[in-house]
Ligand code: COA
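Before any questions on binding or motion, here is one chain by itself as structure tokens, the form predicted alone.
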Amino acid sequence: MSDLDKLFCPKSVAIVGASKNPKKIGYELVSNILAGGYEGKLFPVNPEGADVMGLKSFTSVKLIPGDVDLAVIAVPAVYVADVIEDCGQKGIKSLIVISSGFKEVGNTELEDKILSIVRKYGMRMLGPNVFGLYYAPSRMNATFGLSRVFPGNIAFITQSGALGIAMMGWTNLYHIGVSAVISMGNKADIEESDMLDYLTGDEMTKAVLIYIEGAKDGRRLMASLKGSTLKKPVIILKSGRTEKGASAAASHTGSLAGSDKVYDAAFKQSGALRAYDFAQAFDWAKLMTLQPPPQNENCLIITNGGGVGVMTTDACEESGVTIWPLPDDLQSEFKKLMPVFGNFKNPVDLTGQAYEESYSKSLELAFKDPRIGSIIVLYCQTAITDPVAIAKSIIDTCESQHCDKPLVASFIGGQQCDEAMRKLDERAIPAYPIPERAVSALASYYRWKRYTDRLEEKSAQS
């Protein structure tokens, strides 16, 4: 059993600072936990003992009957130490400290004080200065972020609370499901390493995305990354790349950003994938949580437009994705599916006359051939074809073939193409509005697969 089990899967939660005022964080915390469908016991705690949203309240955690696994603390910083002391005496072992006003504003002494109490009672503490924690398997939304979160397979760990809340909204907008959203804040006790170690064993989490400004213990983080990346992809967004950015990080959460080159080298050595913006990071995570890893280095491009096929080929060449020269037998098969002016080499250009059947039969060939390790499907909107119908043919073919190799798609066009891509995403086929984003995601998957393959080979040889 992990010492973080009661943080992620508590059977009972106390909200210290719970409020009846909808403008208060203490109200949002109670509201979100209830809205998320949490099935454990919930105990509001406030000085007046006033009931909150129909729940009986208590003036102190020590007055709550029975055991409490987790306390979420949202009171002014000056009262936090006393609350944690009460939690320790109550036997509560997990804490989420929402409250701000500690190291991030120079109040290191108060942060050290609350940490000493945490250590005295053998507790684990997330925070302070966080927006909370969401965990899909326990249906617990102990945050003051969005009340509605789509469950999925991406775990998002963030050192920035506001950014984390914004990303919850962003994932909702694009229907990207998450298994966990974790706000790290000042990291007085629990660090990214702790979260990585826990999520590595989480069956629902297929990829981990981390926003980090600086690490307290670089060696420990690197060890955790090495352990995690062997089992699932870890994508990192590291800010503070520039001198001014590093200074901003120090004033934000009190983090020392350190040399960006050192971080970059450490990420590469540990197999972590470094992204440089949020769109890129979620593009990568979307593919890695929806599709299996590449079977081999041979990538096939299927398109209805020669120009976009050439552009995608360039992007693949530049990013290390191998465009496989098709052997004669496959060329002959693809030739049957296109007009005489089509291109049956790679990229396979079905031409602008390609209808649903052209795409479905081409994909059938690609899925059945074990020499093909990954597939990129491109569609440019034309006057004679329906993007949604093309998308449906791709979905039907994938589901009938039970594909075991990654497929990424890019539909270029207007509103109908957006609708088509939404349908693809909803059926676990990652789709992107420009082919370069699809290639970027596939290239990152290849980098991770090559890293894990190398380690497995070394292990087999030793």
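One rule holds for the numbers: they count along the sequence shown, beginning at 1. Since the structure is predicted, the reported quantities are computational estimates derived from the model, not experimental observations.
The following text describes the form predicted in complex with the named molecule, which does not appear among the structures shown.
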{"query": "Residue stretch of 346 to 354, 293 to 301, 202 to 210, 77 to 85 approaching the named molecule in the predicted complex, non-hydrogen atom distance within 4.5 Å", "finding": "77 to 85"}
{"query": "Any non-hydrogen atom of Val439 within 4.5 angstroms of the named molecule in the predicted complex", "finding": "no"}
{"query": "Heavy atom of Pro10 within 4.5 Å of the named molecule in the predicted complex", "finding": "no"}
{"query": "Residue contact check: Ser19 to the named molecule in the predicted complex, 4.5 Å heavy atom", "finding": "yes"}
{"query": "Non-hydrogen atom contact Ser100 with the named molecule in the predicted complex at 4.5 angstroms", "finding": "yes"}
{"query": "Contacting member of Ser410, Thr397, Asn46, Asn32, with respect to the named molecule in the predicted complex [4.5 Å, heavy atom]", "finding": "Asn46"}
{"query": "Answer option from Tyr263, Phe144, Tyr359, Tyr198, heavy atom within 4.5 Å of the named molecule in the predicted complex", "finding": "Phe144"}
{"query": "Residues of stretch 151 to 165 in contact with the named molecule in the predicted complex (4.5 Å, non-hydrogen atom)", "finding": "Gly161"}
